[in-house]
Every structure is written in C-alpha cells, then in structure tokens.
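Just so you know, structure 1 and structure 2 below are the same protein chain in two forms, each on its own as structure tokens.
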Structure 1
C-alpha cells in the first residue's frame, strides 16, 4: 500500500472575491444547482484548498462555497445563507478548444486577474490528480483522501467525465472505477458512503463496494468538546462496465413493445436482498403508534402544502388524506411495523443491469432536498417499494400512447420478486403501501408543477387512483 501523502497548502487572499461575479452567472446554470429561480446575491467561503499552484499552464483549486440567495424572488426579500457547494476550479491562461464547454469566465480582478477559470472535471489532469490522491491516501490542506486498504487502485487509469448528470457529477476511470462527487454537501455521515460500506461488510453483491472516498475536515466551534463532523465529498466505486440503468432499459423495451416482467421480478428480488442485508448490518427499530403518528403528521403536512401550491390536487385532497388517517387508525389499534435503513430514493434510474443480467442498486444519498438526519432515519422497507412502483408508472406514461397495463404487470412482478427473496409480499400490507405511494405521488405532483409542468398529468393520474381507493 502506498504511503499517505500530506501537504500543507495556502490559498491567495481575495480568491473568492475575484471569482464572485463569474460564479454568480455560472453556478445557477448548472444542472446540480438546487436554488434555481432565485438569484445568487453573494458567496461565503467555507474552505479553499490549492491542489495545483496556478502556474502559466495550469492551476487547480478545490472550493466549498455557500451561495447566498433571497428566500423569495422579488425586490426586498430577505437573504439567507444557502446551500454549500463543492467546486473544482481550473485556472489557465487560455482554454484549448476541447475545454470550451467547461468555461466559467475570464477573471478581471484579484489574484487570478488575466486568467481563465473553468470547470476542472472536464480536464484530464485535475481528474488524474483526484484519483492519485485517493490511491495514495493524500492529505492536502483540510482534504482527506481515504481508501479501503484491501482494494487496489491502479495508477494511470484514463478519466472521462459523465455528462448525463443531475444532482452530482461523476468521472469514470478506465471502465474500472466511477468517482461520484457530491455537489451540494452538508456536514455529517452521508448515507451514500455509510450504506454501501455497511453492505460491503455484509457481503451484499447487489451494491458496488466503496473503494475510496474523500472528505473535508471542519474546525469545531469555539469551546466545543467534540470534533466537528466532516463533509463527505465523493465516493469511488467499481464501475459496472456495459451496464444499463433501469430507466433506459424500461423505455427501450417499451419502445420495442417488449415485456419487462422478468426484469421487474429480478429487480424486486435484488431490492429485497439489499433490504435484508441492511437489516443484518444496521439496527432495526419497532414503530408503534407514537412513531407512526409523527410519520403520518409529516405526510399530512406535505399533502396540505402541495394542495395549497397546486390547485389541481384540491378535488382529491380528502381521498388522499384518508390514506394517512387509515394508517394512523391501524397504529392506534396496536399494529406495529419494523423500520430499518433503506435506500430512500429508489426508482428505475437508481438501478443498473449488467450485461450478464444482474441488477445492482446505486446512489444511496436519499432525496437531497430532505435534511440529512431525516435521510438517515429508519423507515419501513415499503418506502423503497413505493418509489419503484411509481417509477414503473412513470415509464409506462412517458410513451405515446401510455401503457398503464405494462406498469400494472411490472408492479405485480416486482412485488412477487420481492416476496421471493424477502419472504413477505409488500401487497399484504395494503394500508402502509398505499400511504407511502400516496406520499410519493404528492411529492411528484409538487415537483412536476414547479419544474416540469408537462409531466404533471403522470402523477395526477396516480393521485386520482390513490384517492379513489380510499372510497372502496
């Protein structure tokens, strides 16, 4: 094993101020920026690390910046510290044509005046540096690069940026590894590292095991007796070469008029195997009436907020609310449920099918918009099941004409496959399943109304079905 490399670095004063006007324009255009629709009014520097000194040829900075935004759009709205983002800023005299899509802008003031800055992940040299830092377990400033000592990382693997990204960014190294860099980061244990590590200890083959990871240490507040929790910045895992994600595969089969039942059943078995392994690796809890009441209250609050924001929900509000009150009534009668750690945001796009036909689950970060503590809470496994059932519905209604019967067959096959591996069918607890599927559909309505109104009919169709099922 290579010895760890430790390097103390300094960053020039005024660095963020010189980048500020460029970042205000560039950051909101990124797909992974969460504060769209509200202008960035400034930045706060959380941490800055010089990874390569800005020579005439190339410089590289790792920045953690907090984007300040108005709470509501419009003049005079209050400003609040926003999300913290991880940035890798490359510095050159001028960009070669191959890096033109990565341009952030030309700096006119401060320590980088006269230079061009760009998104460094498009460049092979910065991407190489990250892998080498992970391989050698480097410590550079406040950045720590850790790895599993039992897993080899060969040097010299050729990097390429994955362009089809949303909430994060990924770099593939020689079809051997994939490095997922988290863009919006929060302090604490990130489930995207925590859960795959636990599953690796449990010898679960359905989730690629973390090979290495990078974190940023934080200074504890004055007088604190405990060290501050670090930021988890990225995770390196084996790359499943030739794999197809479940969403792409489902749409391909729909376009060809092919059935997806066998794949849905296999995916149900894979999901149950992951849940079983998580229950072995991490504690489980029993949910009684008081815990279920808190859960039901949260579902009800989300429904009320969505009804207020999306008028199309109002005719169905009473029927949807009954999904949650029915669950509360069961709990009041003494019914209990087991809760454990789950994926938290499971859908077809979070699943990979290898060329050999094996399914893997990826991206255990959970819903990024939810607080980290909430994402790490034990939940009934049916939460993941409900997410996948909704995903089949989305796939079936993304084609013209829609094919709801295709979704029905997939939903049934998925639950049957889950039962084969878990020993219990999610459909045997219809009240719990309906509550979680309703909660997911309400979330989808709000999301689509805000971001993709042309997709709004998809979750509204499910809303009508779920609201009416409470009347039978």
Structure 2
C-alpha cells in the first residue's frame, strides 16, 4: 500500500539489563502475568523495537521478553522455556501525577540510567502511535501493522486504557474501536484473530470483525527453508458502544432477585449461531475412539496436574476421573462425535449485550494457559456449552446466599435456546457434557488457586457435585 510507513530501528545495547531489576519486581504483580507463584530468575530479550527515541520528554520501546522462572513441583518440566510477554515501556525524565499508577520504576544503570520507566499504554501519545501505525499499515523494525483494506480507521481517536481485570490489556479509541494487546504471546496463528476473521468472512454478525492487527516477524532459524511463524500481538475491532457483559447483567438480575431466563435463552441461540458459522467457515472432523482417547487422556492429565497443585481436589479425584472414563467407554462402544472450531473459553464475561439487546461473543483466544496447537484443534461444541453452564453456576454462587435454582433455570433456558438455533440439544449427550463440565471445573480450580484464591470455593462446590454425579 502506498501509505505504508517502513522504519528500521535500533535499540540501545544493554537495554534489558538496565530494566531487569525493575521488571523482576513489577511483572509478577500484573494480573496478566501467567507464571504466578514461581519467582522470576531472569529475562531473555526476544525482540526490542524503539518506537520513539528517548528524548528528554518521552521514549518508547516495544519489547518481547522471555521471563525465566524457578520451576516448582507440579508447574511443568524444568526444560520448558519461560513465557514470552509483550511490554510497551515508556521512558520519561519524571512521571506526571496522572501516570503514577503506570510506574514501573527508576532506572539506576545502563543506557536509561536516571530515567523513569512506566507502562506506556496508560499514556496518550504511545496509544496514539499504535492506532496510527495500524491505520497506516506501518512496519517499524520487526513490527508489522496490518488492516482490512475495506474497513476505515479515522485518525485522531482519543485513547483510554480499559482498567478492568484482564488476561491481556485493551485500549478503547473514541468509543469506536478497541485494541487488545496480547500479553503472553506465542508464535503462530492466534485464534483470537483467526476465528473472528473467519466469522467475518462467513458474515456472522455475532462477533466484532477484526479491523486491524499487529504482528512481530521472526528471523527464521539458521538453515531453515520456511519463514518462522510471527507472533500475533494485538487485534483492533469495533467497540460495541454502551454494551454490558453477561456477567455484570447476571449479577445485576441476581441482586434484584430477577430471573435471567430470557437472556440465557438468547445467549444459547447466539452461541449456536456462532457454532454454525464456524462449522461453515472452517473444517469439521469426526472423532472416533482413538481421537476421543487422546481427548480423555488430556482431561485426565489436567486433572492429575490440578490435584497435585491444589490438594483440596484430592478427595474428589476418583469421582472426577469417572466422568472421563465414562466418555471413553462410550467411544469404545463405537460412538462418534463431530468436532469443529469452537470459542474455547466461553463464559458470561465473554458475551456483550448491546443497548438494542443483541448479544456478541468476544475473546476467541481460548484458555490462555493451554498450548496454541491444542487451542486450535476442532472440538465438540459441547465444550463451549459446558463453559456457559459453569458460568451460570459461578454467578449464582457468587452471591450470598447462593441461588442454585437460579442457575438451574438459566442452564435449562440456555440449552433450550441453543437447541432452537442449532437443531440439537446439548442435554441429549449427558456423558459428553459432564466430561466437559468436569474438565472446565478442574481448570477453574487451578485458575482460581493461581489468580483469585478467594474464589476457589465456587468451582470446588461444582467439583463436589460433578464428582458425585457419576457414582451409583
């Protein structure tokens, strides 16, 4: 494109070493830091791009940094490389008070000695720079900014950082677009871009279409014949103005003592519509016994790892395992299932209702802790249904006193709505549904133990129910 800007850049040697002591302290405190509970032992620089040279007023670096961490029992193999994180580091002589919450620290050594570094997404100029780069399809060093040529981006939209607790970080531009910057990044096709692009091509109105995206190219390893797969770093999509997410709405109705049945049914229909569009847009496969066995093995392995990490699971382990063996038994009898691309981490917080009452689904990244290849595998659609059923249970158990009947009504309405739009009711496959609900509840136990220990009783209550439901 004629308007594309290409800029080659260099970064000062010793940059990461100068930031090292500050990042060791700051990174583990971020909500999106995936390696909670394991001390950071050092960093490796994957890529550094100087977006603004550090003048007296402002400097800006885009960094991809690998965090090496101490390996504790139950947290993976010692030879695993550390996770790679995307950081946008601002550099100033001193921080104005409005940027105080963004402080990373004061640099005492190396090329930035004497400067203050901070999380630059809080700042207007760096956020402007990202939108402008996307708009103009810039190439800056190894960073490539792409956009759908059929979608307009107006210049000068005012940015604001989303302050909600997130697995990633998002900036809203003028209530028109939202840019999600992925924090823990892995090379390869990212479903958070791949699936919304496929759905946009399939004319599915339930998912905001990607308008632009940014990637980091990688040098191929010496002697390799194929180019190395890039890192997907961020996706810009239309902002659903005035939207409320399903979690907020559900809690609001619970607080008023109101039902959520009509919304749950609408959510079931919306989920089914997205599934139908995904099945049209991307390949579907049939799962026989050998594929089912692999899936069941995965569920069992995740259970064993979770039991190891969270001792409160131990008394329920054999009941939970029975949910997986029951599925394996069905497959051994010759039962098969259709699998397709799914959302992978569907819950009420991933559903947005517009002021007109329309539901959209967002965040197709899948469960961030799982390997990319696994997240991109075709799976039975019941997986997403199970995620939503768990979410109604979460909402009903997050209030005092808990409202399990409220959740039961929502769960039934959601499945009915799904059946209306998909032509098949997920409840007609109870063994598959129980296996997926169990897998999800186990994931949630681990997630809460790592990120929000005070929430642990919520999935543990479900674990008790699911473990007991297979016992005769």
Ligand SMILES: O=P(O)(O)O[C@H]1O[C@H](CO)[C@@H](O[C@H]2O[C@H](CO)[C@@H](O)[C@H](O)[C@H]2O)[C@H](O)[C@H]1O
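Between two forms, the rigid core is defined as the largest C-alpha subset superposing within 1.5 Å. Values in this document were obtained by computation on a predicted structure and should not be read as measured data. Numbering follows the first chain given and starts at 1.
(request) Identify which of the two structures, 1 or 2, is the form predicted on its own. (result) It is structure 1; that copy is the form predicted on its own.
(message) With a threshold of 2 Å on the C-alpha, tell me if residue 445 counts as moved between structures 1 and 2 once the core is superposed.
(response) It does shift by 2 Å or more.
(request) Would you say whether residue 321 is displaced between structures 1 and 2, judging by a C-alpha shift of 2 Å or more on the superposed rigid core? (result) Yes; that C-alpha moves by at least 2 Å between structures 1 and 2.
(request) Superpose on the rigid core, then tell me if the C-alpha of residue 456 is displaced by 2 angstroms or more between structures 1 and 2. (result) For residue 456, whose C-alpha is compared between structures 1 and 2 after core superposition, the shift is 2 Å or more.
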